[in-house]
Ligand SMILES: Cc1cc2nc3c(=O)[nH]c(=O)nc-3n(C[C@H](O)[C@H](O)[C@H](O)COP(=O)(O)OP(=O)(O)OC[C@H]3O[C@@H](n4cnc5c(N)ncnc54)[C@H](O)[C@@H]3O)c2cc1C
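There is one chain below, alone, in structure tokens, taken in the form predicted alone.
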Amino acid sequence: MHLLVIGSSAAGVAAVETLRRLGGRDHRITVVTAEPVPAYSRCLLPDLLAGRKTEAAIGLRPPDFYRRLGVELLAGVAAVALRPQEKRVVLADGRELAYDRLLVATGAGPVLPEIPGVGVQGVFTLRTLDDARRLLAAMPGVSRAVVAGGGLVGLKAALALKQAGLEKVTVVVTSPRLLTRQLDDRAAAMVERELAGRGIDFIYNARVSAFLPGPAGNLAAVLLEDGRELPCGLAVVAKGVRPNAALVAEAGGRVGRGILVDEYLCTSLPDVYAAGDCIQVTDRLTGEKVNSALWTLAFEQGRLAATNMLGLRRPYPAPLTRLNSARFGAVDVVSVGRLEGEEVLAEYDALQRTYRRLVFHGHRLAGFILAGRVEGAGIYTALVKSGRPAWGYRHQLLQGRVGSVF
């Protein structure tokens, strides 16, 4: 049986490992990836930008990973068409690959605003290793940068640019504060204070309306809707991602906020599975249909999709999609589950610079935020995932005394 995997990031790597572990060497496995480099951790791209990591250090697996597993790797060539009735995939170089079962793990791509100058030299995203390489190449001689977006990627990019030595880094935020999808006001203020203390400026309730080129055609300034101009030599757009679902959609597969899959991660196309940032999932707590955009979920989905490709039926349970962990300078934050609920308890320790917020739905812990000290985050997360009664432990949880909870 020929098993074809399109994509070589978290979901694709996890799938290949699982296919070999459970299927042995009986099956032929081919991986197709548009990126011409070994698999790497996207989460560590800001560290590469800041000079804290090398390219070798952000590798997801050793360079000989696929060779050791006896997997054929076709790198640097994109899959451009899928013919499900013929069970064939067409590559950008004209080759066609036949398959018995296919996994689409094409991930997601950055969202770019439809505004003037977005294609000007000096405007970047930070999604791929190539993005990071181009940013690094553009940084020498640049003293000012603008980041459009106050979410996780934007803030990590801003801090990385500052740590790389840029004199002035300004973050333009559409909303009235940072991290509106992950944190409440108090935790967001802690992050802002930390980043501002490291020299990063913030402009709130503002929107970029254009990227302005200079006489040589390179980026010279960012124009805001209110008329202000921010002089800069480079800009990073961090306005979210969009699932790369076109391959399945153009082949007649069902797509919503990502590729639609059933409980076995099979698409509406026969013998075509999908996993990772390209798919739509149903959030365990809210029931909301969302695109799956978490690194940990991609690994889990890749493993289960591979299991099902081998005929070992394993359903994929509704995931917890609101699960974020990040470090901004000296401030750690963890945010899981709901931000609001029937009962909300919060405590801020100014001396320890620690904040905890608990959201209860009945006796269940439905969500939490930890900022500053985040010890025991795994226990809080386990309580949210399990749904076991936790109200009786609310005082211990609020004070961070979680040793007696389990």
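Quick caveat, the model's predicted, so the values are computed rather than measured. Each residue number is its position in the shown sequence, starting from 1.
There is another form of the same protein, the form predicted together with the named molecule; it is not shown, and what comes next is about it.
*Could you tell me if V32 has a non-hydrogen atom within 4.5 Å of the named molecule in the model of the complex?*
Looking in the model of the complex, residue contacts with the named molecule include V32, since a heavy atom lies within 4.5 Å.
_Is T296 near the named molecule? Define near as a heavy atom within 4.5 Å, in the model of the complex._
The answer is yes: T296 has a heavy atom within 4.5 Å of the named molecule.
*Tell me, yes or no, whether C43 is in contact with the named molecule in the model of the complex, where a contact means a heavy atom of each within 4.5 Å.*
Result yes; C43 sits at the interface with the named molecule in the model of the complex.
*Counting only non-hydrogen atoms and a 4.5 angstroms cut-off, does R127 reach the named molecule in the model of the complex?*
Heavy-atom contact with the named molecule at 4.5 Å: present for R127.
*asked:* Which residue, A79, I203, V331, A220, is the contact with the named molecule in the model of the complex, using a 4.5 Å heavy atom cutoff?
replied: The residue from A79, I203, V331, A220 that makes the contact is A79.
_The single option of L161, A235, V281, V153 touching the named molecule in the model of the complex, heavy atom within 4.5 Å_ = The option sitting close enough to the partner is V153.
*asked:* Given a 4.5 Å cut-off on heavy atoms, tell me which of 336-344, 22-30, 365-373, 43-51 is the interface stretch with the named molecule in the model of the complex.
replied: After filtering at 4.5 Å, what remains is 43-51.
*asked:* With the named molecule taken in the model of the complex, which residues across 300-327 come within 4.5 angstroms through any non-hydrogen atom?
replied: If the 4.5 Å heavy-atom criterion is applied to the named molecule in the model of the complex, 300-327 yields only S325.
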